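Single chain ahead, written as structure tokens, the form predicted on its own.
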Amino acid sequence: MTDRDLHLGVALAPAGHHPAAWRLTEDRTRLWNPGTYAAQAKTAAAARLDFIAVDDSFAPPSGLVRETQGTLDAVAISARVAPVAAGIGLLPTVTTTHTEPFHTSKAIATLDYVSSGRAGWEAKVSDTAAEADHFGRKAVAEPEELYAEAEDAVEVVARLWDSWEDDAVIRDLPTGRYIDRGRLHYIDFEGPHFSVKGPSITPRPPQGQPLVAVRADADAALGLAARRADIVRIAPGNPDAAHTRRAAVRRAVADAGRDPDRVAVLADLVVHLADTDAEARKGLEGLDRAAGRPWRPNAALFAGTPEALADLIGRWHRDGAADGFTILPAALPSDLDAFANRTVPILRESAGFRREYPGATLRDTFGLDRPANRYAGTVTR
């Protein structure tokens, strides 16, 4: 048996992660109604899941979709659901390739404030010509270059968060000073991709440093994950692949001089649930027919009962294949409801999954201390 905490997050979507899931609802307005995301977030928070992930991308819709579904802004969606989903972490995707880190730092710091310390972000790269064409500023680069740029972006964001000391806002009535300028710092970052002077225009976030997530399926992403990530997402197809990838991530983290036990490696798991295995498989086959061909997600796919899913999750976790999972419901809200209301209660009994949040912040949920400010005590020019 393992004594590692089991971490469980869920990736939200308008209708589900299967490309034909939108066909299950006759109310098309529900797909872009803010109440849709809010309802999913409430369900996830009531189950005491670690976080809700909201994916984002600059890539145009493609693949099995017969109608353009469109993409909403992940940070904005996270801010919308923060007040109605108490306790749960918020993990929007931010693409670093065509986004200024100054804007990212401000957006995630703001999310941390509106959620009272529950924000994180997943750093993602854009690696297609179609995405580059949306902006027209530069051509698509090789993966190594994209991840080097992403690492610089994560570093700039972290420095900007620290550019305000925690007690920089003094609100001194006798002198009329709102800010102590001596507690604001230039970051003076100079690199091949960015040149940022700072300081930020937003006070240091409540967590000090909101958590950073990185998807590390590609070897090119491993360095970024090892040096910068608090959460590493992988998408193995089976337990053996999960073991291998988790071990590679942990070795890379150790080689980077960090403690592997302070970095959670979470496996993506696509789920479609029903009262019997046969019903779940039939439902998935129906979605595939609606899509026009079988769907093969870039992650393990489970179709079965909520009880069997609890057994699978417990087994992978006990065997050290993953520190937890990011659940991708094939169809929403049904798969999330079944997971939250039937799978999670079993995992509380069999795998020790939490009944309440351990603290108020996402760092608390992952057992991470609030970091000291790197600039505190230094002299401002």
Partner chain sequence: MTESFQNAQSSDRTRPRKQIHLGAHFPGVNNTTVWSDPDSGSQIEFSSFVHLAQTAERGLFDFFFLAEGLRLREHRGRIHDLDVVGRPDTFTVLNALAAVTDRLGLAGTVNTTFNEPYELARQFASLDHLSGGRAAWNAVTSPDAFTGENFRRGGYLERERRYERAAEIIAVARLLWDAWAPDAVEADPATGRFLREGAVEAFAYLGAQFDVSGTFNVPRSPQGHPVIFQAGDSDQGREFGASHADVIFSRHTEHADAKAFYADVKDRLGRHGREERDLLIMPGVSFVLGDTEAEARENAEEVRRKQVGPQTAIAFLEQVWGQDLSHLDPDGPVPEFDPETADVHITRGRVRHQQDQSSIAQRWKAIADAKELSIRELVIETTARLQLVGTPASVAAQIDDYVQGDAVDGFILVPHLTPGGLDRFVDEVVPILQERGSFRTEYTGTTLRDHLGLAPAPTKRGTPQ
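Numbering follows the first chain given and starts at 1. Just so we're clear, the structure is a prediction, and the values are computed from it rather than from any experiment.
As for the form predicted together with the partner chain, it is not shown, yet the points below apply to it.
Contact annotation: of the candidates Lys282, Arg262, Arg177, Arg296, the single residue with a non-hydrogen atom within 4.5 angstroms of the partner chain in the model of the complex is Arg177. Think of it this way: in the model of the complex, the partner chain has a heavy atom of just one of Ala256, Ala220, Ala76, Ala86 within 4.5 Å, and the residue is Ala76. For the chain shown alone, Asp133 is a contact residue for the partner chain in the model of the complex, at least one non-hydrogen atom being within 4.5 angstroms. Contact annotation for Ala141: none of its heavy atoms lies within 4.5 Å of the partner chain in the model of the complex. Contact check for Tyr37: a non-hydrogen atom falls within 4.5 Å of the partner chain in the model of the complex.
The partner chain in the model of the complex comes within 4.5 Å of no heavy atom belonging to Asp311.
Only one listed stretch (247 to 255, 265 to 273, 167 to 175, 224 to 232) carries heavy atoms within 4.5 Å of the partner chain in the model of the complex, and that stretch is 167 to 175. Site residues His243, Pro333 and Arg374 are none of them in contact with the partner chain in the model of the complex, judged by any heavy atom within 4.5 Å. Of all the residues from 174 to 202, those having a non-hydrogen atom no more than 4.5 Å from the partner chain in the model of the complex are Pro174, Thr175, Gly176, Arg177, Tyr178, Ile179, Arg181, Leu184, Tyr186, His193, Phe194, Ser195, Val196, Lys197, Gly198, Pro199, Ser200, Ile201, Thr202.
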